[in-house]
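Single chain ahead, by itself, as structure tokens, in the form predicted on its own.
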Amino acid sequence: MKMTSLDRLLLLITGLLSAYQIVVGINDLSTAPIIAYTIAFGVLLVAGLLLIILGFDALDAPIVVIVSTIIPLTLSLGLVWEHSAAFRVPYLVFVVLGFLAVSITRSTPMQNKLPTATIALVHGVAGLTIFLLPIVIALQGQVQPAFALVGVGGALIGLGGLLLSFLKAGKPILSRETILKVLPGLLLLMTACFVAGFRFG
């Protein structure tokens, strides 16, 4: 499917928002969350630029599933580290093991359902963390209500990650054409929710 000018514009705005978040949006945090958020938004920025340059064909590279896992894992790690101190170490262990599991199951030919199950588990846990944690702490009054927008972005990143992962696994939830049609807008909306949530929350 050919990328349209509108798709490239949406991806460009996504990249600019990601760059803004890296440069401005995380300055006042401690070291670990800054590293985690910088990795997440940095990967999102690079991914958007590669899509602009290479088009949707870039999604056919085998490394896409592994790289796309970095974003929710590091973003959720930053949130847990910043807002749920009791779970820092256990969640860090999950992030490391989850990334290794996805990398191994995606780089080794397997004829069973393990790669798909691994992707679903890792993306599911990370996506739910990004979705639920900001909303819960916003409802508890620990942060400003607008921080719940990060949770909305979490729902969108979980959806996008699963769509791409199952597409790459050969078991798409939607048709390839539908996924590629909504992907640029989904990425922009997701990034906008993250930036707004961090900025005003």
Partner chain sequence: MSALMTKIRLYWPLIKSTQTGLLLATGIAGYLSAGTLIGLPTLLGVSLTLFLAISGSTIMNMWYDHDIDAKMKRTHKRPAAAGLLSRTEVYWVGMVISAIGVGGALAIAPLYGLVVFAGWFFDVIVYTLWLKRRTCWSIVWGGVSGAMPILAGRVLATGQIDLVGILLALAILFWIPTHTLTFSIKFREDYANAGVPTFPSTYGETFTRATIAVSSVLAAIAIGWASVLIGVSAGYLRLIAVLTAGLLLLAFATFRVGSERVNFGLFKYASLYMLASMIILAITAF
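Numbering follows the first chain given and starts at 1. Bear in mind the structure is a predicted one, so any value in this text is a computation, not a measurement.
This protein has a second form, the form predicted together with the partner chain, left out of what is shown; the following refers to that one.
Visitor: Quick check on this chain: which one of 136, 162, 143, 49 has a heavy atom within 4.5 Å of the partner chain in the predicted bound form?
Guide: So the residue touching the partner chain in the predicted bound form, by this definition, is 49.
Visitor: Report the stretch among 172-180, 25-33, 128-136, 147-155 that approaches the partner chain in the predicted bound form to within 4.5 Å, counting heavy atoms only.
Guide: Heavy-atom contact with the partner occurs in 25-33.
Visitor: Under a 4.5 Å heavy atom criterion, is residue 66 part of the interface with the partner chain in the predicted bound form?
Guide: Although the partner chain is absent here, residue 66 would stay clear of it in the predicted bound form, with no heavy atoms inside 4.5 Å.
Visitor: For residue 45, is any heavy atom within 4.5 Å of the partner chain in the predicted bound form, or not?
Guide: Residue 45: contacts the partner chain in the predicted bound form.
Visitor: With a cut-off of 4.5 Å between heavy atoms, is residue 19 one of the residues that contacts the partner chain in the predicted bound form?
Guide: The answer is yes: residue 19 has a heavy atom within 4.5 Å of the partner chain.
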